[in-house]
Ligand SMILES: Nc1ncnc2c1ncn2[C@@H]1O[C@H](COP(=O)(O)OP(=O)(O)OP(=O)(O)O)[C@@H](O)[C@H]1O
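Single chain ahead, written as structure tokens, the form predicted alone.
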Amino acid sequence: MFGSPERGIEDNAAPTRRPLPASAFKRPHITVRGLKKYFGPNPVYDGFDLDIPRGKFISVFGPNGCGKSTLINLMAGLLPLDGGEILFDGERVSDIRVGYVFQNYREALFPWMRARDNIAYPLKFMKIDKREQERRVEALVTRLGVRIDLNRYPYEMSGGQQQLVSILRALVIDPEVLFLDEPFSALDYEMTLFMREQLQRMFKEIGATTLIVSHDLEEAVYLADLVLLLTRAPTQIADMVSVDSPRPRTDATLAEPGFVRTKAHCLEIFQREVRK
């Protein structure tokens, strides 16, 4: 996989936190208007509006039950809307290429398929011939510098390797938008740190608009350009916080004053919403 977990990334410049410029939202990539979603009689979203700028990494964070995973599932077309609309440059989700990485990588991968076949699986639905599928898989892993035996089956791989295959499968279609639902929650801490580094590298290389749901505030701030903080249901936006720590981010980033201030601000907003 990309090298060893111990290898760091250089560039420890001190991050600073500045207000998000209004120009960042002038031409949003994703537009949510009047979103409604109910589970039984209970509204999770009831008139929710959101603009997501193109090419940004967005972390979604908020109290339990506020609908973090529900939001990206609605955006990805995995759940039906009860009202409102979600558009991608004016188009429906069915008209764009979307990559999705599930939380449980063990259930997301097909155990009877080798890694390369799991990665290539979405290309079958694009009516791409076998030779071109293989070429695209090889081109992707080469582009990202992945060093993993693609001939192995999922049960022969570590948890981190399996989740890496899941991420590559989401990227092989060259997605316009990438959704990740708590992708590291089932990994141990060492592998989680390693996978955060790999996700940063992938994001820099691919550049797709990316939304990740996280239950870890430090992780949410560490990965993001913007942290979307949500209220309790019926959910609204509590804050949209810009994270200006320079990339690539490292362990040293966690102790930089700008990062610490941003995390503290997010924690303050989160605790305010939890107490309501």
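Treat the numbers as computed from the prediction; the structure is a model and nothing was measured. All residue numbers are counted from 1 along the displayed sequence.
We do not show the form predicted together with the ligand, though everything after this point is about it.
At a distance of at most 4.5 angstroms from the ligand in the model of the complex, all three residues 39, 70 and 182 contribute at least one non-hydrogen atom. Among the residues 35, 44, 30, 208, the one placing a heavy atom within 4.5 Å of the ligand in the model of the complex is 44. Proximity to the ligand in the model of the complex, defined as a heavy atom within 4.5 Å, singles out one entry of 55, 234, 65, 246, which is 65.
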